[in-house]
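Heads up, the chain below is alone and in the form predicted alone; it's given as structure tokens.
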């Protein structure tokens, strides 16, 4: 194992290979994420901590561990969904000591796990995690137009005119939003339950809003622009993924069908909602 002073070949298929490339190809993390794991002292090769970027390994003979977990090229990237509860920040560590979503997902099994996008600290619902950095970046790229569906409990009664405004695009301080799919939900419907499990408070409504942009606090700002303050916000879907089979604060691996649909969207081979 030796540091590579020269630039990496654009088509590096022969062994040995750069350690960060090996980790990325094994699905541990993105190339940049793998470099961060190395510089943090979390990667060992044949029992020795390796922090020097450009170090090489031969996967056929070298033993590579991340946080004590063996890594091999036969592994595939991890994909899982978390039903994020309120009160957790969407980050893998927080200098202010606030509760992080990292505490809710199996980072011991997948050291390079990271969230795809963010949910506000008080927003609940579907948060996708993966170790596939390329797919994660692709899913967040504006050109992919990945649809996200939210359910919001808002103050006041939402009128048909206000729904039409949301469907046509709302002027915000950072530009007009793209048109959204918007509808008022029956408060007794299963779709409304995540934001009003005990019934809708007096003077409130439940709205479904589907967008494909990812601006900061976008749903809250759009609803505020039509004079409705969000009381609770829940994300029900992300692209082809729908939050099912997982309770608040719990996670599950994606099924093969879900993984395949998500990777098609990441490659640009399907509609933003997976169809």
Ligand code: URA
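Just so we're clear, the structure is a prediction, and the values are computed from it rather than from any experiment. Numbering follows the first chain given and starts at 1.
In what follows, reference is made to the form predicted in complex with the named molecule, a form of this protein that is not presented.
Checked against the named molecule in the predicted complex, the residues 147, 177, 123, 83 give one hit for a heavy atom within 4.5 Å, which is 123.
Screening 55, 218, 208, 30 for any heavy atom within 4.5 Å of the named molecule in the predicted complex leaves a single hit, 218. Only one of 240-248, 56-64, 218-226, 31-39 lies within 4.5 Å of the named molecule in the predicted complex by heavy atoms, and it is 218-226. The named molecule is not drawn, but in the predicted complex it has a heavy atom within 4.5 Å of residue 233.
Residue 77 falls outside the set of residues with a heavy atom inside 4.5 Å of the named molecule in the predicted complex. With a 4.5 Å cutoff on heavy atoms, residue 119 counts as touching the named molecule in the predicted complex.
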